[in-house]
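Take a look at this single chain, the form predicted alone, given in structure tokens.
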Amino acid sequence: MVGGEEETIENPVVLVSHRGPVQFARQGNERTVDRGGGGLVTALSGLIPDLDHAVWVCAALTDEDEVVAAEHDGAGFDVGEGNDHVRLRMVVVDDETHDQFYSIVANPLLWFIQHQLWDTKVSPELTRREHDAFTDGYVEVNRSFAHAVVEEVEASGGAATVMVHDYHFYLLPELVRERCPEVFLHHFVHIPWPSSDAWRVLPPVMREAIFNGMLGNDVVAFHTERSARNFVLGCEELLDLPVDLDARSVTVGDRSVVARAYPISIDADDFEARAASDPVTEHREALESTRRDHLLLRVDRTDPSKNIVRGFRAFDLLLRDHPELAGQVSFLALLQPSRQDVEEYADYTALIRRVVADVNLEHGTADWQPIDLRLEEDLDLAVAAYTLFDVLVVNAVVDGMNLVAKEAVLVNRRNGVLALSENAGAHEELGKLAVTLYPFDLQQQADALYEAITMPTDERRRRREAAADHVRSHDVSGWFGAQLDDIACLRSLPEAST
């Protein structure tokens, strides 16, 4: 079983996330099964099968998912074999309700609040559309998932451990606890949790529902101590509840809810093996054939929180301040288009294209384009680029963790320098080994990129090797195991659940 040597979870586990470990599709008369996308699924898929009596509750996101769910009358079913085996339960939500839940409330409303992206001079403007989407979409989907979770908990005898993931299900813990008082609820939030003032964008009816929903948990977990602290302070400032900031705990009636930080990581062995694979090698050779003296790299989704536009404008300043770099440096940007059905994301992608065109027009020559922009998703290409960069740019406005930083320093072969935003969760672990970026200060970012490019080789090597050692010794199994150990310890306390 995954976890520490002394403590493990003996009770059945119910895992809850929006995306599941697999998605079903149909090609002609054949049903296909593909691994689910996203970093959360990747992190958990290899760990959950090691838990005894675990079931993964997720949304039916494709037409064939809904068919499979119907074939099992909405109950759980087994998928995969051997080490890849997992028990799955898919929750079917009608398209209109899911759109209100996902495309109006979860993204962008909650995502923008938690990543501090709203320009509050002009946005957001909450109308009947948002209020209805919260009531008829977000609340209803949380109720549907809570019902499925309750059935799984009751089938296990009521003493299960429920592990909820991310911002889609803030209301679910309270709903489950109302019906299953003996359950142990653990909720991991993979995105930042901001200060209470950021939550005041929402009216009390929404923000109080979110905080009260989260207080149905026994443990509320985050990637960073900053987010854990913000959650506890928010309970004090928005709900007027008694808190112990040092203990990171909130008193709710006769219960105590604790906030914890567990920085997520990657499967180091698996990732290093991928970096040595034939597809990655082919991409690496192709990139090497066209590289300049200095390769800057960024690998991101086209999400406004990633701060891509400011990163390119800082690169523009770097070229203005250091014209001697003309023709010697290139900026490879591998960007995956994200949520293009949401207006704010589509507009941001269009702005990225315009800024890249402007920088290349001003600084480029007949045989050199400063920015090589590729809007596609190709993990093997990204890993190949990881092995070759001289500077990796991660200048996020704010990020829960940012696994790109950990992946890249692990497999890089050129003693590449990590240029890392102080607001990325990874900065708590890797900041002393990186060149820090202040995400709103373009001049500072330009100067920091120059520092990284010109850093002495011995210092580059020291930092990169130390960062890689840290990633190897703090891998994803350690992340998950620390949570399981704490759950086991907290469950053993008399006041853990009442």
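All residue numbers refer to positions in the sequence shown, first residue = 1. From a predicted model like this one, the values you see are computed outputs, not experimental measurements.
Missing here is the form predicted together with a further copy of the same chain; even so, the following discussion is about that form.
- Of the stretches 150 to 158, 410 to 418, 262 to 270, 125 to 133, only 125 to 133 has residues with a heavy atom within 4.5 Å of a further copy of the same chain in the model of the complex.
- Contact here is defined as any heavy atom lying within 4.5 Å of a further copy of the same chain in the model of the complex, and by that definition not a single one of 242, 474 and 479 is a contact residue.
- The contact with a further copy of the same chain in the model of the complex, taken as any heavy atom within 4.5 Å, belongs to 236 out of 316, 236, 174, 380.
- This chain is drawn without a further copy of the same chain; in the model of the complex, the residue among 230, 224, 302, 142 with a heavy atom within 4.5 Å of it is 230.
- By the criterion of a heavy atom within 4.5 Å, residue 321 is counted among the residues contacting a further copy of the same chain in the model of the complex.
- Of the heavy atoms in residue 117, some are within 4.5 Å of a further copy of the same chain in the model of the complex.
- In the model of the complex, a further copy of the same chain sits within 4.5 Å of a heavy atom of residue 348.
- Looking at residue 402, you'd find every heavy atom of it more than 4.5 angstroms from a further copy of the same chain in the model of the complex.
- Scanning 20 to 34 for heavy atoms within 4.5 Å of a further copy of the same chain in the model of the complex gives no residues at all.
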